[in-house]
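Just one chain is shown here, as structure tokens, and it is the form predicted on its own.
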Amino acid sequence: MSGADAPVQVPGTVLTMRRTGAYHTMTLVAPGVAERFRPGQFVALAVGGEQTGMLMRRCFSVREVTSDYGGTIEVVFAVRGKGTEWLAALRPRDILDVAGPLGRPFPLPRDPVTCVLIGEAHGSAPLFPLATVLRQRECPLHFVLGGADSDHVYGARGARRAGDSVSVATEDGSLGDRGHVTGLLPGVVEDVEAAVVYACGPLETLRAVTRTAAEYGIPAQVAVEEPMPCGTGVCMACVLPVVGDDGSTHMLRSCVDGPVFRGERVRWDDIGTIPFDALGAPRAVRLGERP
């Protein structure tokens, strides 16, 4: 990684904080982070203030970057614990520590191809900076968004501005079709003759997206939502079994080797385990045998 691409640690100043449905959207002035960012990367925010006992950072996808005020980033989050509760209480001009951009970005097509961008809940946030870059490459874009209900669908309005079409599903039927967002994917892939699928969301959603993409013989690039307590690869809490170019299974860290992976390379059924055939996996030891 060159110096221009290396992550930085900067004091970020809260520019705006607003509610977006069930979520909080925070814009931070973070020069250095914004200029290095590429779609699919994320940032790690220190929470709790200087005297906090919350030592681990909280990692968030980036919804948007701008060059305003020397560089801004926008993140979207739901309140799920003390860390995000602290973030939600911040006000303009408050300052917090920002590290980023972190992780590997989405790979981009060399030529204009038809892309389907599918996301669930606020996991869809990384699709929007990706859409901006894909549009610059003259790629037709088709969004598929979903959530439990209308408040938990993120970005439908922005998707209508950025994409050629938008399909929405909610589990309670309060917006768009009733059902899970992945139920819409086969029809969209067929209708638009998609060449690639980009996906963000929970692991089960990404598993289903990968399966559908494989059925149509197209690649799926997926950004996983694994918990990342450190964001830098130190804690090893976000490992996934992924098949490498050599055909062997490697236990890769989502935060540094991802968060973007080729969907067909992830061993979805083995997540949460160390497969016996993974490189470095513990060898079974028979009773009485010395390890």
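Treat the numbers as computed from the prediction; the structure is a model and nothing was measured. Numbers for residues come from their place in the sequence shown, where the first is 1.
The following text describes the form predicted together with a small molecule, which does not appear among the structures shown.
- Although the partner is absent from this view, Phe77 contacts the small molecule in the predicted bound form, with a non-hydrogen atom inside 4.5 angstroms.
- Within this chain, Arg178 is remote from the site of the small molecule in the predicted bound form, having no heavy atom within 4.5 Å.
- Remark: Leu28 does not count among the residues lining the small molecule in the predicted bound form, judged by a heavy atom distance of 4.5 Å or less.
- Using a 4.5 angstroms threshold between heavy atoms, Gly81 counts as touching the small molecule in the predicted bound form.
- Contact with the small molecule in the predicted bound form, defined as a heavy atom within 4.5 Å, holds for exactly one of Val33, Val224, Val65, Val242, namely Val224.
- From the list 210-218, 69-77, 106-114, 92-100, the contact stretch for the small molecule in the predicted bound form under a 4.5 Å heavy atom rule is 69-77.
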